[in-house]
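Presented as structure tokens, the chain that follows is alone, the form predicted on its own.
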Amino acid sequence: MTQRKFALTLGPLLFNWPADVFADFYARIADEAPVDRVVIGENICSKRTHLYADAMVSAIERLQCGGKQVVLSSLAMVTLERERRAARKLFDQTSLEIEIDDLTLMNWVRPETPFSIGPLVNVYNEATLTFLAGKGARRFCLPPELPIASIGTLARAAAKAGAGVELFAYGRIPLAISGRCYHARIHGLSKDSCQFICEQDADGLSVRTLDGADFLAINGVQTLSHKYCNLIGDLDLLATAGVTSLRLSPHSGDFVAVTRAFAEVASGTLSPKQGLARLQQVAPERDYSNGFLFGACGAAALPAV
């Protein structure tokens, strides 16, 4: 079987999980998951941060003891003064790499600060990538809606600039961030008194059309795809395009098994078809798609491999 060289990155947890679930998840990742990097920290709603602040400190220590490179996530949309202060604090008090998902954070980047660019920053062309690489960006997790031709072009530009390219390879796809909290509104609550109602939906709340068709998912102020991106059958294509790293987005269930399936397909231990079958066994209720990769409807079903 073909061996493909990819680093595996665990993306930031997008959902509001209880602190004990959060701690248990990262303990398993630290001890059992074959991932190289872990991006950790609140990416969606700053109100959630205090819910697991203590657990995050312990999680970082355990991940590092487990040999993982730890990267701190930033908010995807900084709008409040307290959020601006928290964002600046990331650069003031840590030597860990920071993943930027809101370009306002570029105001505080210093030459000695390692940073990467997350998938919510619109890096759509070589000029943007080269500019940010020139400012010190080491890695780019590209927007998940890009087709393979654009991915290849950006991967070549990144290699020329001395940076790596990562691609969102598993999980509900982050599509948009809003100033309005959909979770609170659907329960008749305001954003300021939301009661952290998003905790009720571990993988986001599914949304249907008026005709009853599955459509999207909501996660507080975030809109996600209903289907789960799954590129495990397309790793040869990604390797040929120059992708150096795969991003796996945390979801409930046995996520260590998800990381192992990707690692085994990448190493050639499993074929892509076997890897897909493994993931379907792990979470048979999930619908998968990879349409964006081929310039088609993002919800297009994974083709046979």
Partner chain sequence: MREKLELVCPAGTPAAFRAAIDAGAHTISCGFNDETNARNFPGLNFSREEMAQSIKYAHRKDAKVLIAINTFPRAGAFSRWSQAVDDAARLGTDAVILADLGLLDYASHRHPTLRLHLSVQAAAANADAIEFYAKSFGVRRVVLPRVLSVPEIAAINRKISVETEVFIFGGLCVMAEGRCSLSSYATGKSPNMNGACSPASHVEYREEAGELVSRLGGFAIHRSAAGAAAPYPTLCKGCFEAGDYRGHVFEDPASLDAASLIPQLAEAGVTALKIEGRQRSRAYTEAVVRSFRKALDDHAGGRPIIAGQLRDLTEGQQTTSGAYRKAWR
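No experiment lies behind these values; they were computed from the predicted model shown. Positions refer to the first chain, counted from 1.
Beyond what is shown, the protein has a form predicted together with the partner chain; the following relates to that form.
Novice: Given a 4.5 Å cut-off on heavy atoms, tell me which of 187-195, 231-239, 90-98, 159-167 is the interface stretch with the partner chain in the predicted bound form.
Specialist: The contacting stretch here is 187-195.
Novice: State yes only if every one of 35, 53 and 264 has a non-hydrogen atom within 4.5 Å of the partner chain in the predicted bound form; otherwise state no.
Specialist: No, none of 35, 53 and 264 comes within 4.5 Å of the partner chain in the predicted bound form.
Novice: Please run the contact check for residue 147 against the partner chain in the predicted bound form: heavy atoms, 4.5 angstroms, yes or no?
Specialist: Residue 147: contacts the partner chain in the predicted bound form.
Novice: Can you check whether residue 179 is within 4.5 Å of the partner chain in the predicted bound form, heavy atom basis?
Specialist: Contact with the partner chain, yes.
Novice: In the predicted bound form, does residue 71 have a heavy atom within 4.5 Å of the partner chain?
Specialist: No - in the predicted bound form, heavy atoms of residue 71 and the partner chain never come within 4.5 Å of each other.
Novice: Should residue 139 be counted as a contact of the partner chain in the predicted bound form, where contact means heavy atoms within 4.5 Å?
Specialist: So residue 139 does not count as contacting the partner chain.
Novice: Select from 108-128 the residues with a non-hydrogen atom within 4.5 Å of the partner chain in the predicted bound form and write them out in sequence order.
Specialist: 108, 120, 122, 124, 125, 126, 127, 128, in sequence order.
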